[in-house]
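Starting off, we have a lone chain in the form predicted alone, written out as structure tokens.
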């Protein structure tokens, strides 16, 4: 069994005055303090754009050294947008194998120090460099094509899809770690500047900096706040153009199937989805079979997946859309947020009595996917 005993979060924002190491330091110290851990065996650092934008390699060891953790073992993990959950899987594997008894997992990325055009150029590398990134129409362009296809295939109107970002902003208002803590209406989503028709600016994630950390241990003790039951993953298509059904995320479907074959995934009361765009959140709901195919947007518009609605509460943090998406750190945020929900300690919109939760990370439009299942220990 593997437990989370400490959590540390930095609010997602444009932290012009803080370096990558400073952000990682703040999150890590908070996690170690809350766990009351006297020592750690490993530090596992998840980051993605740092390796393109920061003048530093071997980031994990330098973060450890800057924290005074000399002599600990360090591992750096990079798996695009799924880096955070890949790091959590690595940490769980270290504890399961007996190589470690306590691991500090840190996710960090910083997007605000560079012009937007450079950040988006680097983000294009999340896609296949020999196809989608080389002949790039941008992340928003691919999402716009998928949204148009979804609308055409399932006869879903644009207004219905606009309820998703409105729900995310509503959830984020109460989250002190969220970047976009203000309400919007579906009408505002439709009126926002176009990114790639029918996608608008309010269907997309903001560019921000962030760091999240958790302490993972092999015994519960008195300070465990949640158990990491299992983490699964799968690779997928290099490009949606290769898929027979681009409205299904095959890698996520495979990862989730592997998860449910290994463990009894029950009592899923809260889910943190990877909604980098409105359409990705909708497709993930359907791929996980939380909604019938072609019906997820309608279900959201009817109030499902929210407090008091049918189904698990999805993205009470505000998700990537409104909490923010600091790329390599996002998966660690998701696991930390679910752990806090399961312990009844989440500082924002709270899912009372939550017994189990899913964290979902997808790189690009499905080149790889990770799913983690956590349950309460109380």
Partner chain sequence: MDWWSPARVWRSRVYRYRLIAGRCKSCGRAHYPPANACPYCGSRGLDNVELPRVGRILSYSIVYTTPFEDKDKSPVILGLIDLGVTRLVAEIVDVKPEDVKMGDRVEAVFRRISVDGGTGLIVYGIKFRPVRMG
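Worth saying up front: this structure is predicted, and the values here are computed from it rather than measured. Numbering follows the first chain given and starts at 1.
In what follows, reference is made to the form predicted together with its partner chain, a form of this protein that is not presented.
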| query | finding |
| --- | --- |
| Contact segment among 256-264, 94-102, 134-142, 295-303, judged by heavy atoms lying within 4.5 Å of its partner chain in the predicted complex | 134-142 |
| Site check 121, 125 and 244: each within 4.5 Å of its partner chain in the predicted complex by heavy atom | yes |
| Partner contact for residue 237 in the predicted complex: its partner chain, 4.5 angstroms, heavy atom | yes |
| Residue contact check: residue 196 to its partner chain in the predicted complex, 4.5 Å heavy atom | yes |
| Contact label in the predicted complex: residue 290 to its partner chain, heavy atom within 4.5 Å | no |
| Close approach of residue 157 to its partner chain in the predicted complex, 4.5 Å, heavy atom | no |
| Heavy atom within 4.5 Å of its partner chain in the predicted complex - the one residue of 148, 248, 73, 188 that qualifies | 148 |
